[in-house]
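One chain comes next, on its own, written as structure tokens: the form predicted alone.
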């Protein structure tokens, strides 16, 4: 395997003797964007955590109040950071799995610059209060149209690459990527169907309860198919590569894929328990959510068992540490989610900080840690350099891990306290603690603990960014990528 001066990589296709030239320049572009947006998105998260703990932090400026910055934080972390991580891993791994260059270099660049343009537009419009007020779908209709166009361009490039592949077999990671590309397009278009009124305002084509049901069909599956399936694809490729072990069971990985994509799409109604939604639809969402536990834990165990024979390296290799914690958090959050979908549990947890803890255990624990592990592996293999500060990776791991624990445990405790206070009634059937300010006052210590955990997580991300910058820009001896079989059963 040889790297050219243009950032492309040439590798001989097995059995042909013909060199395949991979486009790693686009991978490096998405890699750089992912690292940059990680710092930005997490910084905004720490800012709004500070505002919740100490309200004067917004300084009375409307553009940086919690209500404006919160959707900016979620969009930056989900679509900017996690999205660019997905595109980095997909563009890198699928060329190697399919033994072919991406279908079109031009489409790859349009996808990159179009996606970054969408993120910049979100960063401008959301603080200005331009929003359609839908969870994870706040962006105004012109940006929604641009998202659809850029996603179609990505889809053409993605499936065009599959069509021109030089191998017959599609490794399981590609199947997870396909579910990501197809389902997100359907979710985005259906949920954002609207009639424009002005350049910044529109009216959804759905009304009332139908709008709520479509929104949470989208919202829950945006988590499922933007923050779960593509990252499982990345897990199935990069965890075996980092561990230098074949995936534990290829058959289990295929079963994991088909069971997950079938069950996940039906789980959205569990966000509307105790609402005007018909009981049968609420029950459907609850039942399918509970059934999701089986494929989710099957995938978790498949990932952990892939490390069989390599557990001794986990003690010393920060990349494997990140990935092990990520898979563990995947198992934990996919257990917690189905439990919270049960009506009796949901009655206690809904509208409390427990939900915030659950979301961040998945976002920081599963998505974030898997992303960090992949990025640390890639920076050394893409630029052929060892890390400028190898010990910093280990420091980053512990900052992130302890930060997640502080964050989630504080939110679990805060949520349970809120739920129990809201359910506590006196003999007259009224709230035993009627004062909203009393509950808010009791929550304040948990807000500071959450801020501390988030600040630790951000500090680790900043250390990672500096480490990568100095690794890429500084001198270093070349290191060879590890040629590891990833499709063996």
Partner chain sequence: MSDEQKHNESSKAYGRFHRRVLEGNGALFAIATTVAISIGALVEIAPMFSTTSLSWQRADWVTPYTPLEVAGRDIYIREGCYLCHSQMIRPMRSEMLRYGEWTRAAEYQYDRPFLLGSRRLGPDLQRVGGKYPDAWHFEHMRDPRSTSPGSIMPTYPWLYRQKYDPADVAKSVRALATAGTPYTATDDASVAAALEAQADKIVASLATTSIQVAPDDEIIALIAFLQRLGTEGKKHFAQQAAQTSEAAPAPAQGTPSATGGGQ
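Note that the structure is a prediction, hence the values are computed from the model and not measured. Residue numbers count along the first chain shown, from 1. Here the rigid core means the biggest group of C-alpha atoms that line up within 1.5 Å when the two forms are laid on top of each other.
Another form, the form predicted together with the partner chain, is not on view; read the next lines as being about it.
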| query | finding |
| --- | --- |
| Whether 67, 258 and 430 all lie within 4.5 angstroms of the partner chain in the model of the complex by heavy atom | yes |
| Listed residue that, although the partner chain is not shown, lies within 4.5 Å of it in the model of the complex (heavy atoms), from 121, 170, 301, 416 | 170 |
| Single option in 146, 284, 359, 340 placed near the partner chain in the model of the complex, where near means a heavy atom within 4.5 Å | 284 |
| Contact flag, residue 132 vs the partner chain in the model of the complex, heavy atom cut 4.5 Å | yes |
| Proximity of residue 385 to the partner chain in the model of the complex, heavy atoms at 4.5 Å | no |
| Contact of residue 317 with the partner chain in the model of the complex (heavy atom, 4.5 Å) | no |
| Interface membership of residue 269, the partner chain in the model of the complex, 4.5 Å heavy atom rule | yes |
| Residue stretch of 344-352, 301-309, 81-89, 230-238 approaching the partner chain in the model of the complex, non-hydrogen atom distance within 4.5 Å | 344-352 |
| Any residue of 34-65 that, in the model of the complex, places a heavy atom within 4.5 Å of the partner chain | 52, 55, 58, 60, 61, 62, 65 |
| After fitting the core, residue 59 CA displacement of 2 Å or more between the shown form and the other one | no |
